[in-house]
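In the structure tokens that follow, the same protein chain appears in two forms, which are kept apart as structure 1 and structure 2.
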Structure 1
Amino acid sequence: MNLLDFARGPGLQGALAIFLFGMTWRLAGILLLRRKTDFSVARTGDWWFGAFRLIVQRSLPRREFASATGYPLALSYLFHIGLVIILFGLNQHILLLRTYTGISWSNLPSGLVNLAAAVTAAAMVALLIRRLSHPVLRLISNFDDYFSWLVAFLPVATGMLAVAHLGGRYENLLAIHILSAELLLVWFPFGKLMHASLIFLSRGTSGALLTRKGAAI
């Protein structure tokens, strides 16, 4: 068995198993948390509107802090949107997802996906430089922040090298790309990358609770 066979076979199966176990464990831990009974009288029944409203509000920069947060927020949106385009727009990724889900859709032009990959990589590097150069961010950053950045960046970088056939034989580049994606799957439930699965849920829950109590949001 060569490296590519391992990456496509046992490596991928093991990574998916750890990912599913980790996601189940984290979500079960959240859902099984003890909650205090809320004895307050509901001020309104439009909790769903409050949930949606807070999700939208927290997704946009506050006017008071726009000058300070606009740049990193724009970079964050660039690389998050870029990752979505890469994952769900590249033909090879669609074929892989169809293998496991049976669902398929039309791919995006390869030039657009390549551009999205370049923009994503550049945005991630810019965010890392900002973290390293900003005194406060550098002080509060820990291993999780840097390692999560690394495991998210590696699949993008290795995928670009594989598409461009730069750095070695295509089979080896593809194997390294797949292994880097598997590392991302393994780390995802246990690090700060998990926020991608919880961010809208947590914001929506907060918005619903605040609206129920009649708080202004």
Structure 2
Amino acid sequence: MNLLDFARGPGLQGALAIFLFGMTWRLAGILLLRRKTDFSVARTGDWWFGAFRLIVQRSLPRREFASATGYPLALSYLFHIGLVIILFGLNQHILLLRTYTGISWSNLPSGLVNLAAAVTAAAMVALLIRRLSHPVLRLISNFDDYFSWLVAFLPVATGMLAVAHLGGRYENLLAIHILSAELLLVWFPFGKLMHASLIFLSRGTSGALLTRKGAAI
């Protein structure tokens, strides 16, 4: 069994198993903690609407904060949208997802995906530079922040190399790319990448609680 065979077979299966195991572990570990009943009289009864509202509304900053958060937010959006384009637009990825979901859809032109990858990588590098240079970010950053960045950046970088056939034999480039994605899957539930699912929980929770009070969300 060569590296590629491992990556496509047991590697992927194992990484997915760890991913799902870790995800459900972490979510159950959070959600099954105690919840206290709030006896105060709610100002409005639409807590679920509030949860939904904050989830949607917080996707863009309030006007008052826009100038302070505009640059990092724009970069973050760039690379998140880029990741979505790459993940769901490249045919090779669609074919992989089809293996698990049974559904497939039309792929995007490669030129667009390649552009998205380049933009994504550039935005991620810019965000890393910001993290390394901004005093606040430097203070609050920990291993998780840097490692999660690396783990998210590697699949993009190795994917671009594989597409361009640069830096080695294609089967090795492809294997490394798949392995890097597996590393991402394995790390995902244990680090801050988990925000992809926690963002809904956290925003929803605040949205519900604050709306209950009629407070600002």
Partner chain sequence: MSTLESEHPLTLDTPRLTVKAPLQRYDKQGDLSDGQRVEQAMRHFVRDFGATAATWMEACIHCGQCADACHYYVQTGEAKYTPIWKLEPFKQAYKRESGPFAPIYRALGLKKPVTAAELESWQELIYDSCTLCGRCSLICPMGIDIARLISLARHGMAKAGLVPHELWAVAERAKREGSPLGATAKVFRERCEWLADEHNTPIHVDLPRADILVSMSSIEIMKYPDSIVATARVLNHLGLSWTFRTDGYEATNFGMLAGNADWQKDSSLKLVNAAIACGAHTLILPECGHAYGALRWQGANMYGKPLPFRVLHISEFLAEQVQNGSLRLKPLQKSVTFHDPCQVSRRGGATRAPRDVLNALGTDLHEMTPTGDVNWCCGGGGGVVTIHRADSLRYKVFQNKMRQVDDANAELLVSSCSNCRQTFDDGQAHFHWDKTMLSLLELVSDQLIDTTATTGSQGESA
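We call the rigid core whatever largest set of C-alpha positions still superposes within 1.5 Å between the two forms. Structure 1 provides the reference sequence; residues are numbered from 1 along it. Since the model is a prediction, treat every value here as computed from it, not as a measurement.
Between the two isolated copies of the chain, the form predicted alone corresponds to structure 1. Once both forms are fitted on their core, the CA shift for residue 34 between the two structures remains under 2 Å. Once the cores line up, the CA of residue 45 ends up 2 angstroms or more apart between the two structures.
If you fit the rigid core between the two structures, you'll see the Cα of residue 62 move by 2 angstroms or more.
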